[in-house]
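We begin with a single chain expressed as structure tokens, specifically the form predicted alone.
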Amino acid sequence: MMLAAADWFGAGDSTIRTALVYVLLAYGIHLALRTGTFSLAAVATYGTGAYTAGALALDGWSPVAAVAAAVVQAAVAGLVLALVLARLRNLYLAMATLAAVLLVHVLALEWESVTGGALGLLGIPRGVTVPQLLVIVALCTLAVALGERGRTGRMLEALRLDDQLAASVGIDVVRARRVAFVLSAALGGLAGSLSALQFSVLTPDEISFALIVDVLTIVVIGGTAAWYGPLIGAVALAWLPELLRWTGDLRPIVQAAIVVVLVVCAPDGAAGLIRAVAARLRRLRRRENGLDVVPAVEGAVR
């Protein structure tokens, strides 16, 4: 059942639901990147979580139980991947987790008794409303934002910058990245399970290379400098097709051009741009308050 009350900026109910699910999936990727780990494991567990929740809902499980089972399954899968891929870094880890996504896609196609094969799962009961999804996204956003503050935030920054630096200040690099990997996978599973319980059909096409492209686009648009980067990127990606509907058949080209312009003009994404503007405003405010008078005078004397 579509919710008539859900109508933000002219977007339909489906766009709103997609945007909120993208936010959760983007947080999964963001968490891994904040620790200096380029992992797409969250995309793989998005698929396993979606099929787990969808199959259990068709078997009569309650939405809460189906989502909980999907998240636990995703966390376990994330732990297994973290142990198996422990020695891989950077591009090698990205390629390995990309292979995991494609493996999930193949399993969704071939394991017909569970996934329904190419036709997918049909008639999945809708067990999540937009208000409920908003609450879940808000709680996850709060958790991610708080995690970037204080001691945890400093630990994440040290992990992102340099392994040796992190180890020198007493951080167990392997353990910290393993925990982040598992949490990233769990967020992917949460996003996938909520997506499955919102739409009546789940097909293998939803867990394909196109989803990887969408996730990377979110990272490019939003950036990883702060928690609000994935939020901005996910909402922008979900709304772009609506905003560019007037371009007709040229929409993919226009959308790609916008992404290229953003990469050139704001290589750190929206989050990096916001931080840069905020820092400039702080400097201007300090100058107006006379706090930068001495450096300015010294520069003039030189």
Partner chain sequence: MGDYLRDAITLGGVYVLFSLGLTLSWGVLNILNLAHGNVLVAAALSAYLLTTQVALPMALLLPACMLVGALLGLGLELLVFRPIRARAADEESTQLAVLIGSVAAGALLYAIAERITDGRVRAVDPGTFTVTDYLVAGVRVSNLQLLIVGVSLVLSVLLALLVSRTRHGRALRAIAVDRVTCGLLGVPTARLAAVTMATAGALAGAGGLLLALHLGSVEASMTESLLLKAFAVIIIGGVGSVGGAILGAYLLAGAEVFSVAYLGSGVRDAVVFLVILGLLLLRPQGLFARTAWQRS
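Numbering follows the first chain given and starts at 1. All figures in this text were calculated on a predicted structure; none of them were measured in a lab.
Beyond what is shown, the protein has a form predicted together with the partner chain; the following relates to that form.
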Touches the partner chain in the predicted complex: G36 (any heavy atom, 4.5 Å): yes
Answer for V64 alone: is it within 4.5 Å of the partner chain in the predicted complex, judged on heavy atom distances? no
Please run the contact check for G60 against the partner chain in the predicted complex: heavy atoms, 4.5 angstroms, yes or no? no
Contact between V220 and the partner chain in the predicted complex at 4.5 Å, heavy atoms? yes
All of L85, M95 and D249 within 4.5 Å of the partner chain in the predicted complex, heavy atom check: yes
Hey, of 230 to 238, 65 to 73, 252 to 260, 49 to 57, which bit sits against the partner chain in the predicted complex at 4.5 Å between non-hydrogen atoms? 252 to 260
So which of L79, V130, V201, L216 gets a non-hydrogen atom within 4.5 Å of the partner chain in the predicted complex? L216
Of V174, V135, L146, V106, the one that lies within 4.5 Å of the partner chain in the predicted complex (heavy atoms): V106
